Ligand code: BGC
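Starting off, we have a lone chain in the form predicted on its own, written out as structure tokens.
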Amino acid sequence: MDRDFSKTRLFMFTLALVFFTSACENASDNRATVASTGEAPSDSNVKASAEEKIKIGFSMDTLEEERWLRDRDLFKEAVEKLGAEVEIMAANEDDAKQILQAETLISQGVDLLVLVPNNAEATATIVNKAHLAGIKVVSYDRLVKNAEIDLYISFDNEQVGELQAKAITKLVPKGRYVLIGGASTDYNAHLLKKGVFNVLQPYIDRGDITVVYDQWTENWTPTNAYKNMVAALKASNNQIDAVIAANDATAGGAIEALEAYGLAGEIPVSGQDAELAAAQRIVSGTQQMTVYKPLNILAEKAAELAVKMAKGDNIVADRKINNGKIEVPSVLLAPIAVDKNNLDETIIKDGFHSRGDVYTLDY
């Protein structure tokens, strides 16, 4: 009888110990949850916590040009308005440095990488490394070649070339043309050139236009554009009727060379990016047009899509562009041709440049 009683007491003691231990573990779990969230966990709180941690990496080719400084600031502002963070690194046109910086952003655990490539081919390495880490990549304004880019957002660069060529052929329907291209390593420069020839080719076929000089400009720099323009003038014995320059920086270099030969203002020159110096040259008559790409629209759209993709949302793009490996889902925005007749209605009205800065006393 005593033995049975002892067994019963032992069983009750063991059962009590089990309940006590379980209660302590549950209390500990609850304390940990409250300590980390400040309140009882819920699906909405978990989602909010995840959103707060979103971090976008922005790997940029350069900040040497006016437009890229604008892109940086506008994109950063747009991402932060959406409640996310952004880490920005610029490589100063150095392929190896850009790859290293991108690796740093990947190792920091960014949720998505936005990439402005210096070299369209070399930066495929960055895309591969990001994907290995489970990070999606958005190609910003410039398309990365031969890589499985998740999304490309830009202005329609082929249309930019078409706008330039249409404006210049309207002024010079017959004559000897010089093409000052962008960097051959930038796929946008190739798209731009394709657009130019979409317009020029019928004129060439009729014999109305002859392209007497056509050269890429290393790194898009005005200095190299200047050298190209001088070479074009020497090769043609100054017999040139029009210049299509890939952007405003190369247009500036070309116009500087024309000035040295006493030809500035006599030969129509095109550009793109609507830089302040270009707008001032349009007022003075040394550059006939530029192509305005509202960067606030580009930056805001890129930020919106990047944050959505970082959250895991599915993005449906209405266009696709072949980058040599896949048909890349693409969002392409419409550029705007600008000349002296619509400066006020476009870049000044939008606040891209102030009227006082464009119409200075010098112009």
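Numbers follow the displayed sequence, beginning with 1. Every value quoted in this text rests on a predicted model; they were computed, and no experiment measured them.
There is another form of this protein, the form predicted together with this ligand, and it is not shown here; the text below is about that form.
Engineer: Which one of these stretches, 257-265, 184-192, 96-104, 166-174, sits within 4.5 Å of this ligand in the predicted bound form when only heavy atoms are counted?
Structural biologist: Among the listed stretches, the partner-contacting one is 184-192.
Engineer: Does every residue of R70, K301 and F352 put a non-hydrogen atom within 4.5 angstroms of this ligand in the predicted bound form?
Structural biologist: No.
Engineer: To verify the annotation, which of these, K145, K293, R281, K136, has a non-hydrogen atom within 4.5 Å of this ligand in the predicted bound form?
Structural biologist: Comparing distances to this ligand in the predicted bound form, the residue within 4.5 Å is K293.
Engineer: Considering only heavy atoms, tell me if W220 and this ligand come within 4.5 Å of each other in the predicted bound form.
Structural biologist: The answer is yes: W220 has a heavy atom within 4.5 Å of this ligand.
Engineer: So in the predicted bound form, does any heavy atom of D273 sit within 4.5 Å of this ligand?
Structural biologist: Close contact exists here: in the predicted bound form, D273 approaches this ligand to within 4.5 Å, heavy atoms only.
Engineer: Please check if N247 has a heavy atom lying within 4.5 Å of any heavy atom of this ligand in the predicted bound form.
Structural biologist: Yes - in the predicted bound form, heavy atoms of N247 and this ligand come within 4.5 Å of each other.
Engineer: Using a 4.5 angstroms cut-off on non-hydrogen atoms, would N157 count as touching this ligand in the predicted bound form?
Structural biologist: So N157 counts as contacting this ligand.
Engineer: Taking this ligand in the predicted bound form, which residues along 337-351 bring a heavy atom to within 4.5 Å of it?
Structural biologist: None of them.
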